[in-house]
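As structure tokens, one chain now follows by itself in the form predicted on its own.
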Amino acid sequence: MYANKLARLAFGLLAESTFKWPLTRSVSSRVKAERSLCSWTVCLHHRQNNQLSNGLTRLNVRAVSQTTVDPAEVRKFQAMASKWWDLQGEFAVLHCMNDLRVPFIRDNLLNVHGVQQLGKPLAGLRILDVGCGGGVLSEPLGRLGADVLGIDPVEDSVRTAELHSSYDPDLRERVRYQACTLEELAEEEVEGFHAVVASEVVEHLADLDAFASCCQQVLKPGGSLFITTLNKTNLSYVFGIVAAEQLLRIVPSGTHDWEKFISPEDLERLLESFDFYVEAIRGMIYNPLTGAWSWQQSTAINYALHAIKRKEEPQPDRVWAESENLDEPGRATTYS
């Protein structure tokens, strides 16, 4: 009874609050000048692919750990690896979130790629689900026709995901899982995916720079990156940790570390430094009374983000060579 009353009070206070953020924020692809100095980062693979036209390489000024995995987080989820498909358990909130995040991913991919096949709108698209856990998000994406690879460093979670998907014949050929880290996969899958999904993951990672670099490496040019996470605000601490973990016990105590939360602005700034541009950011809210998620105007607590990897621009030397061909009499330019 006490928990229900507290939930009503908390949700009522949030609902009555006035926020200035629009429901959907379309983001300009222009990289702002004041962001440039603090945006250089990361990983060896990104550096190798970041050659300038004059042969020089952009240098990184922020130290990184070269790994996305936090051992403490692995131990935390290892203890819950068998509970992913308990609809009333610790991951119930994630099951409910599918009502928002699956259409968000589907609709944005359709805007980019168009409908591939009636009834299976994501057919022909390869999606990487980072931190897939027990496959709660991988499975519905597979049912939409996508070829999904779910990866997770917790091997027991991967085994849970494989066992659950094996019961559905429709998923056996479309969804597969691998116990590995994102950086390990990035060694094998260069530009191999149309989309990368990291839902409720980045707030558990050890190094966001390494994460962004590896996402950039495994995505095809023009590929999409989808992230849902928590903002770093006073409200996210009150509702995401104090209320959700300690009072209402919606998720286990200790699930989140507020210091790992990131604001939409900082996340956008980080992604822009890895050749992404952010298409849209939408605020999300969970109602503990109804057990449902909904879109909202504010991004103060939870939000969803869609970013796109920039396509490579023509190299200056190639353009110059083609212009030389045009200037030379009797010599035609051929295209393959």
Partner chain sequence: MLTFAKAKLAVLGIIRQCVALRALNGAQAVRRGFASTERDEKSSTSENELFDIIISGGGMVGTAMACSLGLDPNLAGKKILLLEAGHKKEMDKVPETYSTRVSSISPGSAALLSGTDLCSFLNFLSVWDACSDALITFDKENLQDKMAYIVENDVIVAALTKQLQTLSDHVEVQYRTKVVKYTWPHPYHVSESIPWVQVTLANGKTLHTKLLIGADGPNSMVRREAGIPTVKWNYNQSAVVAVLHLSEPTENNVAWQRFLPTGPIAMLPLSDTESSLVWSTSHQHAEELLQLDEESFVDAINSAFWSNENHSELVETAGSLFRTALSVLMPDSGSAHQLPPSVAGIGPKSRVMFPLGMGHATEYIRHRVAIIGDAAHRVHPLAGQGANLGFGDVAYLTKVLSQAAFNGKDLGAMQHLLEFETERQRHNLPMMAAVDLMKRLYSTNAAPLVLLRTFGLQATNTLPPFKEQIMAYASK
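Positions refer to the first chain, counted from 1. These figures come from a predicted structure and were not determined experimentally.
The protein also exists as the form predicted together with the partner chain; that form is not presented, and the subsequent description refers to it.
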Item to complete: Could you work out which of Gly222, Gly192, Pro103, Pro252 is the residue within 4.5 angstroms of the partner chain in the predicted bound form, going by heavy atoms?
Response: Pro103
Worksheet item: Tell me, which of Val154, Leu144, Val197, Val202 has a heavy atom within 4.5 angstroms of the partner chain in the predicted bound form?
Response: Leu144
Worksheet item: With a 4.5 Å heavy atom cut-off, would you call Val238 a contact of the partner chain in the predicted bound form?
Response: no
Worksheet item: Any of the heavy atoms of Glu265 lying within 4.5 Å of the partner chain in the predicted bound form?
Response: no
Worksheet item: According to a 4.5 angstroms non-hydrogen atom cut-off, is Ala280 in contact with the partner chain in the predicted bound form?
Response: no
Practice prompt. Would you check, heavy atoms only and a 4.5 Å threshold, whether Asp168 touches the partner chain in the predicted bound form?
Written response: yes
Discussion item. Using a 4.5 Å heavy atom cut-off, which of 125-133, 95-103, 212-220, 241-249 contacts the partner chain in the predicted bound form?
Written reply: 95-103
